[in-house]
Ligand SMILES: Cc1cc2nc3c(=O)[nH]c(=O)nc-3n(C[C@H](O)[C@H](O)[C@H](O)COP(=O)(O)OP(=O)(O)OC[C@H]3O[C@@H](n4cnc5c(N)ncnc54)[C@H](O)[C@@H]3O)c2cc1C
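Below you will find one chain, with nothing else, as C-alpha cells; this is the form predicted on its own, and questions on how it binds or moves follow later.
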C-alpha cells in the first residue's frame, strides 16, 4: 500500500464518483465536493451506453465541414454556434487539425484501450456490488434508411476492422430478426457486439453510496469559489461550505472544468457541447437492445421500464436553454426508423453540457503548472464508457505506480 493521502475531488459525476471509489479502495482519505447533487449533470441524462467497439472519434475527416453545412439547420445532429470567443476559435483550429485521417487513426486504439479496460472494471463492479442499474452487455444495432447511410456505416466497420473490431452487416431481414418494430424504410444495419448499457444516473448514485460506506465524504450543494496557492501548489479550495485542504486535488467537473481551471490561469482545450435526451415509457414490443438511428445520429437505449432517445451535439457555449426545434427534429427522426412511438408518454426532457476536446481524447494527468492538481475531464460523449478506467488511472497517478494505459496521448498539456 502506498502512503495514504488526503484527496479532494471536484465534481460529482461519473468521473468524480468512480475516482472516489478507486481511491477509497486503495485506502486514501477522500472528500468529494459537488455544486449541485450527485449526478445532476451529463452523467444523468446521457444515452447510458458503454461503447466498447465503435471507437471512431468525433474529430474525423468531414466532421468540421458537416458542422458548417448543418449550421443553419435546426434539426441537424451537429452544429456550431458562431461567436467571437478566442477559446472557441483556438478549439476549432485544433479540431480542424484532428479531423484528418492520421490523427483519427492514432486516436482509435487509445479509445479502444480505454473502453475495453472500462468494460473489465464494469464487470468487476457488478460482480462485487448490487448496483441495480440495469446493466446489460448485449451489443448495439446501427440502423440506416438510405443507401448512402448504410454504405457509410459499412465503411466505419471496415475502418474498425483494421483495429481488431468485428461487426455484422445485416440486410432488411436480418435487421427485423433483431428488431421487429423497425419501419419498412430501414434498408439494413450493422450490429456491434461490443456495447453494454445501463441506467447512468442509477449507476453513479449507487456507486456513490458504496463509496460512502468505504469512507468517502461527499459534500453536495457545495460550490467552488476560488483557490489559494503557495508556490506551485494549491493550498486551499474555497467553497460556499468553507475551505478544504488536501494533498492532491482532482478536477473532474466535466464541461465546467474549463471555467474552474481559469481560476488557476489554466487554459484547458475543452468546449461545452449541449446534448438532449427524451425519456419515455418503454413500449412492450421493443427488444432490450440499444439502437442507433444512423443518419439522424440518435441513440435509442432501453432502460428498464423506460426508453431514452439521445441526440445532437450543439456547440453553443454554456447556454443551457432548450431548443424545442431540435427536440422536435429528434421526434420526427424516430418515425423514420421506428413505428408507434408518437403515442408514448414523456417522462423527462433533459439537456446537458458535455466536455469536448479537439481530438476526442480526454485529459487525464497531472497539471504542468500545479504540482498537486490532477485533471480528469474532457470525455465528451464517452464519460459513462470511460468512467471506471479514468478513476483507476487517476488512482494510479496518485499512488505513483505505472498506469494500466499509456497516458501520453491524454496529457492535459498536449495542446500547449
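Residue numbers count along the first chain shown, from 1. For clarity, every value in this text was computed on a predicted model and none was experimentally measured.
From this point on, the text means the form predicted in complex with the ligand, which you will not see here.
Inset, instruction - Could you work out which of 210, 260, 280, 246 is the residue within 4.5 angstroms of the ligand in the model of the complex, going by heavy atoms? - result: Checking each option against the ligand in the model of the complex, the one that comes within 4.5 Å is 260.
Legend entry - Contact residue in the model of the complex, from 160, 224, 182, 114 (heavy atom within 4.5 Å of the ligand): Only one option qualifies, and that one is 224.
Inset, instruction - Give a yes or no for residue 54: in the model of the complex, does one of its heavy atoms lie within 4.5 Å of a heavy atom belonging to the ligand? - result: Residue-level check for residue 54: no, no contact with the ligand.
Inset, instruction - Determine whether any heavy atom of residue 14 comes within 4.5 Å of a heavy atom of the ligand in the model of the complex, and answer yes or no. - result: Yes, residue 14 is a contact residue.
Inset, instruction - Report whether the minimum heavy atom distance between residue 375 and the ligand in the model of the complex is within 4.5 Å. - result: Taking the distances in the model of the complex, the answer for residue 375 is no, it never comes within 4.5 Å of the ligand.
Legend entry - the ligand contact in the model of the complex: residue 384, any heavy atom under 4.5 Å: It does: once the ligand is placed as it appears in the model of the complex, residue 384 has a heavy atom within 4.5 Å of it.
Inset, instruction - Please state whether all three residues 143, 194 and 337 have a non-hydrogen atom within 4.5 angstroms of the ligand in the model of the complex. - result: Not a single residue of the candidate spot has a heavy atom within 4.5 Å of the ligand in the model of the complex.
Legend entry - Candidate stretches 106 to 114, 270 to 278, 322 to 330, 89 to 97 - the one whose heavy atoms come within 4.5 Å of the ligand in the model of the complex: That would be stretch 270 to 278.
Inset, instruction - For the stretch 389 to 416, return the residues whose heavy atoms include at least one within 4.5 Å of the ligand in the model of the complex, in the order they occur. - result: Result: empty, none.
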